[in-house]
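Shown here is one chain on its own, the form predicted alone, set out as structure tokens.
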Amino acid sequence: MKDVFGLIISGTEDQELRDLTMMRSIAAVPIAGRYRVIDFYLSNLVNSGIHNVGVITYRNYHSLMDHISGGVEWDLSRKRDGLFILPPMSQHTNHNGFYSGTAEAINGVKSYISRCAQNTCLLHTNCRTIFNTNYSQAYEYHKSSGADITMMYGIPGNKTEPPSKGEAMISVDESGAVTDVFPGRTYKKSDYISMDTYFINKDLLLRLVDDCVMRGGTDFIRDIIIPSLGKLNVKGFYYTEPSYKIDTLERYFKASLAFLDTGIRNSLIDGSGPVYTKVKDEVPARYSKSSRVANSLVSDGCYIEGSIENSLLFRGVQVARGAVIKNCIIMQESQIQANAVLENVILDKKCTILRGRRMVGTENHPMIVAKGSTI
């Protein structure tokens, strides 16, 4: 895929993820014990032989920049091509320097797109889907079908969760042509779900974005894809491997716990290639004689004295004697003191749960504690 470059929009405002995206973009949200969401997108591109990647940032992008840095872990620190972090600046001053939609974001980085030596753009308009793939098959379908635009779509493992406001469902006919797109519609049994991933010729992309901006449009799906149906050859590529949407708090919670399943974890972490992430040197996890751990992922640097069941613990978490954790996601360097009880809870980084505290959510409505909080 030497004629393809990748372009990732790291995320607009994701209010449905609440505290998880209060201080970071959705691309920088931690997942699966040691990864960030952006790791899956960068790894998929690199494993597909794509080594020219632009990442469009938005508000609260410092965490994202700290994580991906120069792209060394993904072999994107290169003299030619490589990783390009594109600032979130809009050409429209009425938006206070930030873009107001995905089409406007692309319009703000036209100079980068024009400079790319590759002629085909693999565009991710958001980082709301976790999946592991090699894009070669989708790219071959795009070329052989003669499509102007190819949309990847599928049925994520957590389709039963309510859709987010910005999610797009699509209809596809027997020939593979996309016949309709329904942004924000509730699910029907016949619906497929867009993976926010598109193959498109870069010159066509620039032309469509120019036309969209001149008409006052800002959104890629609403103002470019939908008006193009019937005018351009828009095809759909059906992705059949496991994928998970993480665009609401409930979906993020269910997708994270899905990594406890060995088959799903192997498919998402090592399916079509390994998922790379920022390397950190940590000592192995330690367990005292009083600890009890069942069906959980415990990362390096953790110290466990209490009881853990069906949970994911990120690096450096400390669980004191007598503490009970069940169906929880505990992020990096959090501390759970003695005799605290947590069930169906998401703790962001560096949280402290004091001795004897009790927090209980439900599977469909997990509790969440913001980064750095003490309860």
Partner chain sequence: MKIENLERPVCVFPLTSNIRKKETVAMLLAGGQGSRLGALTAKMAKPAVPFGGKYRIIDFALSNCSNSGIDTLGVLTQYQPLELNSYIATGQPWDLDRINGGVYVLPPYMSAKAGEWYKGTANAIFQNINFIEQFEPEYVVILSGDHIYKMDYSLMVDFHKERGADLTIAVQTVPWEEAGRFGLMVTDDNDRIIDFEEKPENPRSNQASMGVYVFKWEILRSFLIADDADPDSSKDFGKNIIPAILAAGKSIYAYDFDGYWKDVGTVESLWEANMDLLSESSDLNLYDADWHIYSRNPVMPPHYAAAGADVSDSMITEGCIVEGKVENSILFAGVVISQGAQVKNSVIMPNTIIGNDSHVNYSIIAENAIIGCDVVFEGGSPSCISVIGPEAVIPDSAVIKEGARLSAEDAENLFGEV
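Numbering follows the first chain given and starts at 1. Since the structure is predicted, the reported quantities are computational estimates derived from the model, not experimental observations.
Below, we turn to the form predicted together with the partner chain, even though it does not appear here.
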Heavy atom within 4.5 Å of the partner chain in the model of the complex - residue from 296, 133, 218, 118: 296
The unique member of 177, 206, 229, 260 whose heavy atoms fall within 4.5 Å of the partner chain in the model of the complex: 260
Contact label in the model of the complex: residue 223 to the partner chain, heavy atom within 4.5 Å: no
Contact label in the model of the complex: residue 78 to the partner chain, heavy atom within 4.5 Å: yes
Touches the partner chain in the model of the complex: residue 276 (any heavy atom, 4.5 Å): yes
Residue 140 within 4.5 Å of the partner chain in the model of the complex, heavy atoms: no
Segment assignment from 237 to 245, 266 to 274, 119 to 127, 142 to 150: heavy atom within 4.5 Å of the partner chain in the model of the complex: 266 to 274
Residues within stretch 277 to 306 having a non-hydrogen atom within 4.5 Å of the partner chain in the model of the complex: 277, 279, 280, 281, 282, 283, 284, 285, 286, 287, 288, 289, 291, 293, 294, 295, 296, 297, 298, 299, 300, 303
